[in-house]
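In the form predicted alone, a lone chain appears below as structure tokens.
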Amino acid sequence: MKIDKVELIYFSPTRTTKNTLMAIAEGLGAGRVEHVDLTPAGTDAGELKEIGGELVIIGTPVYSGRVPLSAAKRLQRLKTRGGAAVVVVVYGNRAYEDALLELKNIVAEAGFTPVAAAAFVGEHSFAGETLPIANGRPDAEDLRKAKMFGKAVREKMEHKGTHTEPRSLEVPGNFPYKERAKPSRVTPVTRKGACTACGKCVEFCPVAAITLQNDSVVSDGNMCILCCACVKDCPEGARVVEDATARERMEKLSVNCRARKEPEIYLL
């Protein structure tokens, strides 16, 4: 079976998941690549187009060993005509725990047939210059392996018809899944002297937790998921995480997650 079109479906606040999926799609060599971006806050409501066809690649980041709740809810709203799916999680060099199994199950429940899966590493949401946690990943080697994974999926589907095989794709993880981390109600804060009230943080927040009020940035701790997209994308570097408990966790991650972890792939 030749793959003429592939659809990329992703929740990717800091674009590490999106970039990984694009590299996989490049390896697949599909003639046409379409994007279904579930990241913007508006995608948690309204009508989603029907998805399906030859192949979809579905990806999310990993938050504390699980699929982010925001991503899970948006994925569960997908309408599908079925078809084969590649499921991908991207984690910050700590562990992906139950996230890959959870994503596979969400995708299967939506009506897709998971035919391949992978866990890749991306720069941790908390990473920075002073507290590096997989900074710069996916790097060139990660993207090379993502392309190789895409090529392997293509060869499997073209020559062996994997998407019609009755076997179930096996991936690591436990069910019941680990309990979700309790909301911390911590948010990044804004250094007023550096902020120009440009509104980019409002634009990039995937859960509408940030508003601009009288030229001041206001963050809602009940909504913030600490994806840190506002921190990484602020053109003035005005958004920072200052909470003492969060900083302590960031420091531990930076120390304990230095050993480089490599992508893991699973094929039927």
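One rule holds for the numbers: they count along the sequence shown, beginning at 1. Everything numeric in this text was worked out from a predicted model, so none of it was measured.
Form predicted together with a small molecule: not shown, discussed below.
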Next item on the list: Specify the contacting stretch among 91 to 99, 111 to 119, 142 to 150, 193 to 201, defined as having any heavy atom within 4.5 Å of the small molecule in the predicted bound form.
Entry: 91 to 99
Check: Though the small molecule is not shown, can you say which of Ala238, Ala209, Val56, Cys227 has a heavy atom within 4.5 Å of it in the predicted bound form?
Finding: Cys227
Notebook entry, point to check: Do Thr187 and the small molecule share at least one heavy atom pair within 4.5 Å in the predicted bound form?
Noted result: no
Item checked: Residue contact check: Tyr177 to the small molecule in the predicted bound form, 4.5 Å heavy atom -> no
Next item on the list: Report yes if any heavy atom of Arg247 sits within 4.5 Å of a heavy atom of the small molecule in the predicted bound form; otherwise report no.
Entry: no
Check: Are any of the heavy atoms in Ser64 no more than 4.5 Å from a heavy atom of the small molecule in the predicted bound form?
Finding: yes
